[in-house]
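Read the single chain below, which is given as structure tokens and is the form predicted on its own.
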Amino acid sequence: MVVTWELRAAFARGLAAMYGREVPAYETLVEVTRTINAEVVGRDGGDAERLGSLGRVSAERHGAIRVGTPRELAQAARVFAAFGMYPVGFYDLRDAGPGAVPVVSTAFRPLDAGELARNPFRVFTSMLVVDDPRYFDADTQARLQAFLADRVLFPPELLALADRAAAEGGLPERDAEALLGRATAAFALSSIPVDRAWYDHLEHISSVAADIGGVPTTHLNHLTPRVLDIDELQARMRSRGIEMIDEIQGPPAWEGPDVLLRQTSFRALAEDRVFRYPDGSVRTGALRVRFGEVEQRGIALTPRGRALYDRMVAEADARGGGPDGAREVWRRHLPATERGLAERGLAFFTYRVAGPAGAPARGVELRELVDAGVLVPEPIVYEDFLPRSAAGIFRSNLAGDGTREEGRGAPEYDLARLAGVLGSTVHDPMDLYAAQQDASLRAAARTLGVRIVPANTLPADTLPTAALPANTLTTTSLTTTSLTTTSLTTTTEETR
């Protein structure tokens, strides 16, 4: 029996081998990434591995695919479930900045810390919003719907094997090989001729729309390794003559803790494709749609921390000054230590028991246990994505800005509607991080035989609410699990 996590690891390896053949520059990206990771660990020792061991970071990948309809998205979910990957988070890239990116997205990944440690493969999956009139007029919508209804991305044999693997927690070796072969092939670049006129029509609207609705199959859009120093990665790739996007997406580099996610990529490369032209001729041409992305992951922020992050981004945008200006905003408002993040309830941590707590008659404040070295906070890695950064990567690799007619009503999507499309739960990443933190504190309370009580809440930040962008929650409206939360209290009776 090949169990679920083994299937997932093999799936990631199979896709990497396929993508390396299709996009040779990806192999260069992986080579440079591995070199830098080894250097950082050699220089910084254990500190470099606080957000994942070198083995995990070196093996880690996230892929990206694009589908056209709710039916295709639901089928993709069935395929990924075979590998223990489930939908987490909702991302609306339509309004995540300028440019035409008419998709909503989720990420399929393992849910619990143990499965993530075994293999954290994720696939960021975007669905074209065909019925958004800002992008597609009635005629184009009708043609798109007809085109997408006729194609088959995931054949019945693949879906049947995937459903079995999901239900049984794995497959016998021969069936596992069949599943892996069919699943990998489903994301290979197709050699079927592309209708040039139809593709060009969609590309005028959005390169992303053309890459989804202008081709007969889906394909792996990028495969992303994880690096421990993304600034060094950007410089080394450029020194090899590989064109990188202008700016690293996400938080700026600074001397404090890495938070959330930073991403960069080499620009989309010209790839040979076969086209069918209006006169019936079939000729080879080129498309630029696939690129090589790399990421550096940081600490997961709580809802309170994410609200502060949004406010800092808004202030940095208003001030201008690029990365230098953003760094100044970070230095003024974000704690410069992991401990500061924990005390202000801005980031998620697990808590490891490192010594005895004694036998207090009453409960002990979490902060006291940390100060005494009884509990050691360990940061939880951010496993998810940022809409602004994802859209920024997409836009940096577009053939053009595309078109979007403002002022027209757009269909609304959120996490709940996406769950309806999939017919299953779309997990809120904040809930997953909070559960991981809560579980560690409950276990610590049982081990120590004490009641862990919350401390007084420290202010998250002094940034005025006037700096908030529209529709952003203020920190005062948010609760969090942190050194200050009441939700992590475990009573003495529970420990018994």
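Note that residue numbering follows the sequence shown and begins at 1. Computed from a predicted structure; not experimentally measured.
The same protein also exists as the form predicted together with a small molecule; that form is not shown, yet it is the one meant from here on.
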At 4.5 angstroms, heavy atoms only, are F124, N221 and Q263 all close to the small molecule in the model of the complex?
yes
Verify the contact flag for E315: yes if a non-hydrogen atom of it lies within 4.5 Å of a non-hydrogen atom of the small molecule in the model of the complex, no if not.
no
Can you tell me if V215 lies within 4.5 angstroms of the small molecule in the model of the complex, counting non-hydrogen atoms only?
no
The small molecule contact at F394 in the model of the complex, heavy atom, 4.5 Å
yes
Are any of the heavy atoms in F385 no more than 4.5 Å from a heavy atom of the small molecule in the model of the complex?
yes
Counting only non-hydrogen atoms, choose the one of 419-427, 106-114, 333-341, 285-293 that falls within 4.5 Å of the small molecule in the model of the complex.
285-293
Checking A64, V57, A48, A444 against the small molecule in the model of the complex, the residue with a non-hydrogen atom inside 4.5 angstroms turns out to be A64
Sole residue of A300, A390, A76, A82 within 4.5 Å of the small molecule in the model of the complex, by heavy atom:
A390
